[in-house]
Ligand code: NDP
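Here's a solo chain for you in structure tokens, the form predicted alone.
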């Protein structure tokens, strides 16, 4: 195989668009595209690099996948591969970093304002042609807690400060503590959430963080608090969340990610009046931006230099 021009398999429902952008950016090697696991299985043999989203780990376990040396995720998450024993240790995993923070912070602040200004009440009054005057609240002085202080969490912190909020943060270590007014570690969840007006979950999904927002944590949230999840669905115990939202109607939740996507039509979350559901759109992957990121990483790969966004397989992100 020509080390200077590795063969690439693109696995994505927008695979053709990615292929076009990558070729426009100068790639001249062998490029294959696949939109389904079956197509990928047919085209993976000989591929050294995979660019894709939710790449099936079965591809790496098959004899045809033994040529793969690097997988670049088209998103910020790659937990399905990082936690899989079917992915050989020599395979490098990379994810997109520093592209989603600003747009995801806009999503978070947008729904915080929707909640804080009681937009739902105003829209219902307008539809009923009812003049419903009331005193509008402000985000100033409210306490936001950001769980996960990576590039996405840091942008959310910055936006919250622009609204003069108090900012608490939770992360695995203490190196990000200077970003926030009060810092908590992963062993202090209940203390972290009990004063919050807004809890924003922006953690990666690992074996340590799965269902970390559990019954105990949810029960510790104060009345009227709002939970916003832009991380991964598996971070929250969904059954416990549904129970708390049913028992405590003053709690609210804005959920962009779910343990199972698309969300089942019979899931109770759809009918809860204190829930807003969005279809995993808070951090959109734009094909031109991801393509440029990938090509910059491909240039590093060809030169044998360290790649951006390398996933630590032990930490899971």
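Residue numbers count along the first chain shown, from 1. These numbers come from a predicted model, not from an experiment.
What comes next is about the form predicted together with the named molecule, which does not appear here.
Residue contact with the named molecule in the model of the complex: residue 145 places no heavy atom within 4.5 Å of it.
In the model of the complex, the named molecule sits beyond 4.5 Å of every heavy atom of residue 52.
The named molecule is not shown here, but in the model of the complex it comes within 4.5 Å of a heavy atom of residue 173. Residue contact with the named molecule in the model of the complex: residue 254 places no heavy atom within 4.5 Å of it. The stretch among 71-79, 160-168, 216-224, 112-120 whose residues place heavy atoms within 4.5 Å of the named molecule in the model of the complex is 71-79.
Between the named molecule and the residues 244, 186, 195, 83, the one pair within 4.5 Å by heavy atoms in the model of the complex involves 186.
Taking the named molecule as positioned in the model of the complex, the residues of 230-255 that bring a heavy atom within 4.5 Å of it are, in sequence order, 230, 231, 232.
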